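Encoded as structure tokens, the following chain is the form predicted alone, with no partner shown.
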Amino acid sequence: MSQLVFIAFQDNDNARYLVEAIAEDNPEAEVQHQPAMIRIQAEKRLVINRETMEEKLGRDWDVQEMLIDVISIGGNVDEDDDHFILQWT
């Protein structure tokens, strides 16, 4: 049985940087571009790293900033200052 975790963002400039960072840190993740939305899914675990996002943006980035662009999340959230992790445990 599949245990996909996912996160869906509004399709805007911030989300494009997020998608690029998430794809780099999770090469097994599947990115789906839909009208006005970008959904990223992976088997069991998806990690968003503050450091990778700061490299993409070229500035400091607070993990909480991401929530402005989030439409939906599937999975249990484990969050701290450096990571936002979705996983099924």
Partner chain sequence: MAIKNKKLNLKDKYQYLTRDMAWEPTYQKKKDIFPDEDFEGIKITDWSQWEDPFRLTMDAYWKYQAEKEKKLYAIFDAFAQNNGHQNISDARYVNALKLFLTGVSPLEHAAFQGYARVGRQFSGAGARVACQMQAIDELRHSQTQQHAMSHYNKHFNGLHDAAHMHDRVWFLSVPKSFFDDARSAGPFEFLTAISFSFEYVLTNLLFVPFMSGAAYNGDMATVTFGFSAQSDEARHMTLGLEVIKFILEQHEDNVPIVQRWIDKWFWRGFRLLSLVGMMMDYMLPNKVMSWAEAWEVYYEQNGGALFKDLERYGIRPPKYQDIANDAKHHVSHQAWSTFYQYSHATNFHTWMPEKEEMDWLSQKYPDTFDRYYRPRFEHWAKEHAEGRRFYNNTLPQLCQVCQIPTIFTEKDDPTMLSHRQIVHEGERFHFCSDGCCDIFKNEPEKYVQAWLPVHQIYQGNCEGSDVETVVSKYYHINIGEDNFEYIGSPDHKRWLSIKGKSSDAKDAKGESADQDAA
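Just so it is clear, the structure is predicted and the values come from calculations on it, not from any experiment. Positions refer to the first chain, counted from 1.
Form predicted in complex with the partner chain: not shown, discussed below.
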4.5 angstroms heavy atom contact with the partner chain in the predicted bound form for residue 62: yes
Contact of residue 23 with the partner chain in the predicted bound form (heavy atom, 4.5 Å): no
The partner chain contact in the predicted bound form: residue 47, any heavy atom under 4.5 Å: no
Residue 52: touches the partner chain in the predicted bound form, heavy atom cutoff 4.5 angstroms: no
Heavy atom within 4.5 Å of the partner chain in the predicted bound form - qualifying residues of 33-56: 34, 35, 36, 37, 39, 41
